[in-house]
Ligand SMILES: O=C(O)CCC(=O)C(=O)O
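A single chain comes next, written as structure tokens; it is the form predicted alone.
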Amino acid sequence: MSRTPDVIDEPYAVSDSDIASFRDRAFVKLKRVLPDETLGFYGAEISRKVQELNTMHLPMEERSTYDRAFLQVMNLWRQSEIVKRLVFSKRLARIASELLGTDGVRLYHDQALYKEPGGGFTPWHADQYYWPLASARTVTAWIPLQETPLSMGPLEFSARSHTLAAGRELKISDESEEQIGTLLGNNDFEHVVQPFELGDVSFHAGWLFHRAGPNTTDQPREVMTIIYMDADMRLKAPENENQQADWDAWCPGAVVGSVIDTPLNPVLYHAGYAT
């Protein structure tokens, strides 16, 4: 295990077809991005910190739709040096930059998303509703820490739905599930849901509509996510209270109209600095 952390900084060969598919459909699932032993090493620490830091203890039947969907613990990189090594992975950040076509990417924030046994569905939504970011040059790496069959509730994507402006004003809720689902059906967007093998990592754009089914198994669906933005991303004036909350939490000290260059938003990869 002594060399396990090293692989996370080694390059991964993203094909031209994968890049083209991402830019067309706004998501891509890549095979064998991380080895089994690497996922085991980091997954054990992530799970330990989620158990330690989780604040949701209500019985499932007493929770909202949002809270039944997953346990959510954010910016674990600030709580563990081991998790920080994964979040700061040059391998993952370089993939994100190549998919976006940017010179580099910086961190927006990370979050662990653990769908408990019996956990509910995650409603249709677009992540960037929550983000006070001035452009669409954002991408989330979705990293399952175990094989994720359909019964566990892997991500479901609506291909090319990032082109749809309607529905972007909806936060994750029963309303978003119903209204966005109807919009997507009326516009005939392709619905893509597949199991994830161990080592698969998906990347999806901030304005892509996506959801996840319930976890009907007796095991937790353990996922780590890392949200990347263009290294030159600027802060925009918040358009809703959630964007204001994100500014306060994940970009403190950033200034509207300026590059989001704060201690919480370091550059994780830049082509000019790559070795």
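Just count from 1 along the sequence shown to find any residue number. Note that the structure is predicted; figures quoted are calculated from it, not measured.
Missing here is the form predicted in complex with this ligand; even so, the following discussion is about that form.
Figure note: of the listed segments 32-40, 228-236, 207-215, 242-250, the one touching this ligand in the predicted bound form, with heavy atoms no more than 4.5 Å away, is 207-215. Comment: this ligand is not present in this chain, but in the predicted bound form one of 102, 161, 148, 122 has a heavy atom within 4.5 Å of it, namely 122. Distance criterion of 4.5 Å from any heavy atom to this ligand in the predicted bound form singles out 127 from the list 98, 177, 116, 127.
The shortest heavy atom separation between residue 27 and this ligand in the predicted bound form exceeds 4.5 Å.
With a 4.5 Å cutoff on heavy atoms, residue 184 does not count as touching this ligand in the predicted bound form; it lies far away. Although the partner is absent from this view, residue 142 contacts this ligand in the predicted bound form, with a non-hydrogen atom inside 4.5 angstroms.
At the 4.5 Å threshold, heavy atoms of residue 155 reach this ligand in the predicted bound form.
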